[in-house]
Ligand code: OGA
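One chain comes next, on its own, written as structure tokens: the form predicted alone.
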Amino acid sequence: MSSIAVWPLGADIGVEVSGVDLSQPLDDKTFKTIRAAWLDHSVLSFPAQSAMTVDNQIAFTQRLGVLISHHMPQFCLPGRPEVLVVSNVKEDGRPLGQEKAGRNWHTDYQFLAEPASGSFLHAIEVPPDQGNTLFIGMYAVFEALPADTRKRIAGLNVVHSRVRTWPILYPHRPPLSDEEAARTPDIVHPLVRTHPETGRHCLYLGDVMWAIEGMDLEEGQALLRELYEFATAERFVLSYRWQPGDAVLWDNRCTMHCATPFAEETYRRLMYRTTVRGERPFYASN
């Protein structure tokens, strides 16, 4: 077993993990320790993993579950639909991957019936400054809400619409094709989610929220904005500064994250993400 050590990254979530080389196979005991830390801390940083190959990344992530193939294969590694490329780099005028990805607070694949449980992002090239990724622990957010608010929102369901929010979130991108829209129909998830492994409750927000089921549209959207503004307050935010070779694993079931801008005309960024399919979200009262 590797000699693993962890150091806190933030007050509410996140630890840095040392003593692990992800370019090498992990024994079961080491992987079990990492998985337990992931459930306990929601965000794990593995610094200096430049030796990790795409095959290594896939093999590690597959131990967490079944990988999701990205719904826009043009942004994936050729022949690897489970590896999303996040990059501003162009070759022969063609983008290598998805530019300006994740610039809104979100959780990955929330528009699917079974959204992502884990996401694992490996930094190949990053700018020397800027371009941080921000994380929020949604357990802490839910627990910080007033008791009457927690009671009010428990059991409510939210309509998540990739199609209706697309032109709002991505005005710089082409509209979704009919085929792309058909692959991501509206889906309903609970506003307060019970984590299927820890049993803890968290606020389940994201950038594709559209309406609250059974509530007037404007009233529901106002409530969602109120909760969103509460959740994204600075006191809940962990800012992660990337270094080349860093790899970060996070739990989408109890976090939100957001990419921040950098000088794209000056610096290159190239990152690979693998994503694990999760369970259908549910709410179970205590």
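These figures come from a predicted structure and were not determined experimentally. Each residue number is its position in the shown sequence, starting from 1.
Same protein, other form: the form predicted in complex with the ligand, not shown, and the subject of what follows.
Chemist: Of the listed stretches (89 to 97, 163 to 171, 178 to 186, 126 to 134), which one has a non-hydrogen atom within 4.5 Å of the ligand in the predicted bound form?
Modeler: Result of the contact check: 126 to 134.
Chemist: Would residue 259 count as touching the ligand in the predicted bound form under a 4.5 Å heavy atom rule?
Modeler: Output for residue 259 is yes: heavy atoms within 4.5 Å of the ligand.
Chemist: Residue 121: heavy atom within 4.5 Å of the ligand in the predicted bound form?
Modeler: Yes, contact at 4.5 Å.
Chemist: Would you please decide whether residue 81 lies within 4.5 angstroms of the ligand in the predicted bound form, comparing each non-hydrogen atom pair?
Modeler: Contact check for residue 81: no, nothing within 4.5 Å of the ligand in the predicted bound form.
Chemist: Does residue 190 make contact with the ligand in the predicted bound form, using a 4.5 Å heavy atom cut-off?
Modeler: It does not: once the ligand is placed as it appears in the predicted bound form, residue 190 has no heavy atom within 4.5 Å of it.
Chemist: Within 4.5 Å of the ligand in the predicted bound form, do we find a heavy atom from each of 12, 196 and 201?
Modeler: Not a single listed residue reaches the ligand in the predicted bound form, so no.
Chemist: Across 233 to 253, which residues bring a heavy atom to within 4.5 Å of the ligand in the predicted bound form?
Modeler: Just 250.
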